[in-house]
Structures are given as structure tokens and as C-alpha cells.
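As C-alpha cells, one chain now follows by itself in the form predicted on its own.
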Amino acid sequence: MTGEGNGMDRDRVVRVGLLGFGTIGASVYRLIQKEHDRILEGTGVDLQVAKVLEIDATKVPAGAPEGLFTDDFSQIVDDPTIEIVVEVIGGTDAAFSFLDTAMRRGKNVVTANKQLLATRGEALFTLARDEKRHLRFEASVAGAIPIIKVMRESMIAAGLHTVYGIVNGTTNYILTHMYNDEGDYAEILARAQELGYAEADPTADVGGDDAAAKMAILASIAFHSRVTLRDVAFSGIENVTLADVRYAKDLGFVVKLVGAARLIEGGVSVRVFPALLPQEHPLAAIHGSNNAVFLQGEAIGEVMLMGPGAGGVPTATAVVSDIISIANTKDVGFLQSCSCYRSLGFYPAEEVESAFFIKMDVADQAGVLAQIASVFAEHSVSIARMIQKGRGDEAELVLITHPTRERDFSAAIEQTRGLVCCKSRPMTLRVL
């Protein structure tokens, strides 16, 4: 029996080689086993995991089918019955080598590896094009949210000029619970690790590196111009305190780790940073480990996609979706590339405009605010809102500025540090 419309054989066996059996790999395997009959009925694909590459014997489950697991990649890449190689091992060097070899041996590939794509994606996409192989990567950004598919296929003519959102579930979980006054940063991070929302080493998540890699991928797709991890300026949430979150709340804001990619005067700007969002902003309502991506384009206005952005099962759904898409697509077509046919320059970071939140300890005496305001005015930084709380001889001063250029704001902050009345290094956050 043949499928209608795509010319593919129904009930066709598709064998997969799975690289890695950690949280995501195990979830992919279990999802394929659980949904096998439904996938077969709905798509005509008899999906089978033929081999699993795993070098850590402790990850091999008891009772695993004999011959399923191997520590030898050649058993996957040299098997002519395996059509698709799925990479979920993480890292860059070994993962690149595996996928490079797989495509050269005629395999289509699926990866969930955002660090790999954000650093060495160009070489992989070039190879996919040359070898006429599928390279799918929906699971590399935002878990179960089909943002890659939407941007690559549904937004080709949208004229996207802005992509921003919450693309890291760990930091969103932490900041959500800080906003709810359930503990400080360290306490909630420890809780997130206990619950499995954060890794034992959370550096990539809380430091912004994970979100930066995802934004590099999204920006490359949105603007059709190559953006790598090194092109993304990023900072994390390690220095955000409970006091910062409380002040933001008092002022009508929510603190989130935001990824922002924009076209500004023909140049690309991609950054990741903790920021204050107005409580009525759509992204302010994204709680817990959920992710959301906000798209703006000339032809579409605004579109937002949200959903589970972390965890094995949500990510596995994106991986399996990519596998089925490859299995039911006769020709490779335009999706074998990331469509980076432009070569845009990068807009200078110091010229980007933003409003800012500032918190500083100052002497509680007459004339302090005037001194600070004078420095800000010298650098064309205008104050929009202010809160001051006295603490004996010192006061805590919180300011919100009007939008200003980064370089002017940085110069003003640096000069205030030299004022005798300022007793601590100012804490600053951007405001969207």
C-alpha cells in the first residue's frame, strides 16, 4: 500500500541508530516504544531503534534487548539497514565527528545539540547540502515548542526582524520562584537540582551560555545570516538577588532571562541577559520551566509560541517528530540547509538602546540624588522612576532610566562609582 500525496511506501520499516542514552536519549527510546503503534497507524512508518551507542555501562538498563546497546559507533554507521542517526550525547567534538561520518556514509541525521550547531553548524549544513542528506534539529531549541519548523517553513515570507524570548527552563524556574518569594537564588537553585530541573553543574544554564547557543540558532534562521555562539553577548542570573526581584515587583516588573535577536539598521544584534519585563508583557506570564519565543515581522505583526522547554520527554517529542518528518519526506529539498544565504554585519553592542534598572547603596544625606542625576545628565541618561529606602547612615537607591545607548549608560555608571556618596558597585539590569 502506498501513501497518498508523498509517494512513500506505507508500513515501511525505518531503523534508527541512537547516540547516547542519557535523559534525552532514554526518553527518545521510551517514546518510540510507547507510541510505535500510533506512529505506524498515523504515518505508515514502522519506527525501530536498531542500535544505541552508549559508552557508560551504568546507563544500560537491566533487561535491555540483547544486542541493542553498543560502545562501537561502527556498528551503527556501517549498518546499511540504519537510515537515520540521532545524536543526543551533547558536547561538540565527538558529536561533530559522528554526524560528519554518518552523513558521508549516506545516513540522515537528527540532533538536539545546540552547542554543536551554534559553533560548528556551518560545516554540518554544508555537508548535508553536498551529500543531499537531511539534518534536522528541532529539539535543539525550546524543547517541545516547534519553533524551528515554524520559522523555517511557515515564516519564509514573514520578514522577521525581531526574535526574543525565554529559552532556558532552569533559569525561568529559578526566577519564577524568586518572584513568588519562595527563597533566594541559592535556595531555589538547590531545589531545582533536587527536582531535576537543573544539572549538578548548572553553569551553562544560569550563566547564559545555553540560551546564547539557542539564540544563535534562532537568529541564523530568522535573518538568513550566520550567527555563531561567539557572536552572542550574554550574561546570566547568578548575580540577581531576591532584593532585585522584589524591587522589580514593586515597580510592576518581572525579572526573566531574555534572549533577544534584532535587525537594527541592517545589522544583527543578538544578546542574552536578565531583564525586567512589565507584568502585562506576554513573556511575563511564562512560569516555571516553560519556554516561549516571540516573533515580530513585517508581514505577521507579532506571534508567540510557548510550551515545555526542558526535560527529557518534551525534547524527545521534537526528536521523534524530526525522525518521522525525514521518514515521510521523499526529497531532501531546501531543509538540508539553514538558509543562511545572506552575510549581514553585526550592529555595535554599545550603540543598542535600552532602559535600565539600577540599584546602589548611597550615603543618606542631602544632595546625593542631585550628584547622581548630574552625572547621568552629563551622559544623556534620563531617570524615569525612583525608589529610596533609608538604612541609618546609608540608603538603598533604585532607579529606572528612559531608553539610552549602552555606551552612554556604561560611562555614566562608571563615573558614579567614583562618587564619594556611592557606597557600593551599582547593580544594573536591562528593562524591556
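Residues carry their position along the shown sequence, with the first being 1. Quick caveat, the model's predicted, so the values are computed rather than measured.
The same protein also has a form predicted in complex with a small molecule, omitted here; what follows describes it.
- In the model of the complex, at least one heavy atom of residue 170 sits within 4.5 Å of a heavy atom of the small molecule.
- Shown alone here, residue 214 lies within 4.5 Å of the small molecule in the model of the complex, counting heavy atoms only.
- Contact check for residue 138: no non-hydrogen atom falls within 4.5 Å of the small molecule in the model of the complex.
- Residue contact check for residue 256: none of its heavy atoms lie within 4.5 Å of the small molecule in the model of the complex.
- Residue-level contacts in the model of the complex: of 244, 205, 322, 87, one residue has a heavy atom within 4.5 Å of the small molecule, and it is 205.
- A heavy atom within 4.5 Å of the small molecule in the model of the complex is found for one listed residue only; from 145, 116, 310, 192, this is 310.
- Figure note: of the listed segments 149-157, 175-183, 206-214, 277-285, the one touching the small molecule in the model of the complex, with heavy atoms no more than 4.5 Å away, is 206-214.
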